[in-house]
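We begin with a single chain expressed as structure tokens, specifically the form predicted alone.
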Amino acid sequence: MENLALEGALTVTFVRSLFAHANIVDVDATAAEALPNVQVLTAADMDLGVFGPPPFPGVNPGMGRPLLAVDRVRFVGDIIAIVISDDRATGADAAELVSVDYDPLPAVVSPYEAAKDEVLLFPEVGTNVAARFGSPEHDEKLFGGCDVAVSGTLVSQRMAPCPLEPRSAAAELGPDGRITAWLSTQTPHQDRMVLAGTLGLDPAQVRVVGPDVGGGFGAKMLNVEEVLVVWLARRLGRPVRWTETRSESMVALPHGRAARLEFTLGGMRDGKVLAYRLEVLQDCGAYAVLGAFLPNLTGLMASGVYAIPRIEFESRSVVTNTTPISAFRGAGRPEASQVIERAIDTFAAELGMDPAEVRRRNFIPADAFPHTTASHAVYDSGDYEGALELALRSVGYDELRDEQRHRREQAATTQLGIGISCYVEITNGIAESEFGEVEITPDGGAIVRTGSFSHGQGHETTFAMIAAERLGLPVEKVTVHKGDTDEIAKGTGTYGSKSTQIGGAAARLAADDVLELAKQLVADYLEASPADIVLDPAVGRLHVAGDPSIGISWADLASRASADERLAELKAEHEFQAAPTFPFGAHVAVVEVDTETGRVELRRLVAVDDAGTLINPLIAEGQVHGGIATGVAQALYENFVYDDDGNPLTGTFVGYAFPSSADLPSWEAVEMETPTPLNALGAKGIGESGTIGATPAVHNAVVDALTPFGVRNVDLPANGENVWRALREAKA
């Protein structure tokens, strides 16, 4: 928000903890406040409580995050003080002059160690366990009747979201006492609700504007920094702004994943799976917010695409002295896919069967939908075997296996690995609703107002296409408005890949309502019955059925209605709510692994991602491309690492690896459409599918390449170092 013209705006700089765990003995701001026009505030100056929306079900409310650290810091990056200055340079200088006296405490970084409760982040709570889900009681008969049972551990490593644009926020108090906040966000209306609740205001007293946002990926929800900016604007009576630095973003923007998943999968020697046990230890970082709740989604999606009769799930979420965990492109669902796909490959290897064949023998059949899994998910529609066969044909699976056998026979240094991932994910997971409004403009075009929020997903095109198709207008005559809570009546925002299936559906229903209103107005003008008025969508003209010569175009209707002061009649809103949908797909990855150095090169990735009806295939493919890049990045590159004292070792792009376009091949996206019956569009979500499918495909491919060397697993990310270690351990 640095380019917003806010006269007399002050700049905020946060003083962040340099310790992962310590008591705050004293904060001395004397030197900082000696600089011109500098003010420093600490928790003692705050009149607000713990940050956050209502607690998530099952999560300990005693582990919430204060807006400023009170007495204790719990991760490197925790906010201790606020520096207010006239400009960024002065703020940075003043922040360095704030002297904090720490009494260091032992830090706990590993969730496994945190679960022992030997070092407590919240001594008054008496435990580091923030939440438990599922059943801790193990059924001793779960694997009864199984010929084979395989077990393993997968660590879905911690990742930093790294949006191209770091967070930025500004706020201004108006002369009427209303506060306007400009936020780099995914959820303007939800932000307004939380800000109003936190500040003790009526929501009508808060306006949130979401400008163009350069990437969110689930991480750009309202956080403490944005709340503090708005609070400061009200307290000081002047505009206030803050923009995150990249290094701040790496340690302060919530992280993703960070789950340890232990599996046991049992079945028969013919490849049929009978039982599955999944235990999750979730690192939720220093405070129990959304990250503590995410294992619920992992457990819900535990069955994957397979008809597993018996499933047992248990999870514990624990706090550690690290950056808090929140949603990140998939939010609990990638972890479920990663572990079940690794388990299926492990099971296939134990049986000596082709992993594709094991999958075929366990798919939920295409004629079994709607289908309720043993983990209580209700899948709407799917054709899992169809997706796999399409992917295998597209990649040339049999030919690749022949090439692999040849390399193995030749004992080639560079081995070929082929990895399969068949996934299903949940979108609109908590059955939310979305708002849509359509109105005809004076020139005969249309405006779509949506409570969804686009930060790179292309809603401006997709939603315009939906309304244009229903109204018979050229798509360029439809504009989409979003992100301003003063203009858009309500909304939930965008996350969980839910926008088109509820926001797009709401826009369609509103457009249909406008069309019916237009028929009534045209009937008045033509002195006909509304039941006799029809739309010719090819030319955007409403006419009497059976006599196209008697009709009115949208432009003429808008002009006439404007003159008669009846244009407001051509406006309708709709709120649409639907159950979750379950996109699915199959990815096949082909890698080459240098068995002497551990170097991994991804040669190909074929992706079949089925998100129901595709409104705009180009935009859907773009979402798949970005999603796959994130999935491959987890498989081969990204890993946020702390030392034993909780100091970030990968807090800049110098140490935090991620792939550029030069490191990745061109994806081969193959279209497949299996509509959902749950909305009129037949559309499901697509934003996170590529991520959920790609990671296990690439991971399985790396392990597959190393099978002749006795390697049964490679830690994520399956980069050169971890491959080399796996080879060394197998030799030992």
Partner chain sequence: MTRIALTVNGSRCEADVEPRQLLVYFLRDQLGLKGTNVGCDTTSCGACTVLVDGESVKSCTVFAVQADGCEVTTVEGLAQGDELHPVQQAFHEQHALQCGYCTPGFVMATISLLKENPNPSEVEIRDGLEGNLCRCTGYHNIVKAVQAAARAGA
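Treat the numbers as computed from the prediction; the structure is a model and nothing was measured. Numbering follows the first chain given and starts at 1.
Beyond the structure shown, there is the form predicted in complex with the partner chain, which is absent from this document and is the topic of what follows.
- Note which of His625, Arg238, Arg72, Arg360 lies within 4.5 Å of the partner chain in the predicted complex, where distance is taken over heavy atoms; exactly one does. Of His625, Arg238, Arg72, Arg360, the residue with a heavy atom within 4.5 Å of the partner chain in the predicted complex is His625.
- Scan Arg408, Lys141, Arg246, His481 and let me know which has any heavy atom within 4.5 Å of the partner chain in the predicted complex. That would be Arg246.
- Task: Could you tell me which of 450 to 458, 409 to 417, 375 to 383, 295 to 303 sits within 4.5 Å of the partner chain in the predicted complex, going by non-hydrogen atoms?
- Result: Among the listed stretches, the partner-contacting one is 450 to 458.
- Message: Does any part of Ile619 reach within 4.5 Å of the partner chain in the predicted complex? Heavy atoms only, please.
- Response: The answer is yes: Ile619 has a heavy atom within 4.5 Å of the partner chain.
- Message: I'd like to know whether Ser660 contacts the partner chain in the predicted complex, with contact meaning heavy atoms within 4.5 angstroms.
- Response: Taking the distances in the predicted complex, the answer for Ser660 is yes, it comes within 4.5 Å of the partner chain.
- Query: Using heavy atoms and a 4.5 Å limit, would one call Asn37 a contact residue for the partner chain in the predicted complex?
  - Reply: Result no; Asn37 lies far from the partner chain in the predicted complex.
- Query: Taking the shortest heavy atom distance, is Pro161 within 4.5 Å of the partner chain in the predicted complex?
  - Reply: Within the cut-off, so yes.
- Message: the partner chain is absent from this chain, but in the predicted complex, do Gly215, Phe328 and Ser666 each have a non-hydrogen atom within 4.5 Å of it?
- Response: Contact check passed for all of Gly215, Phe328 and Ser666.
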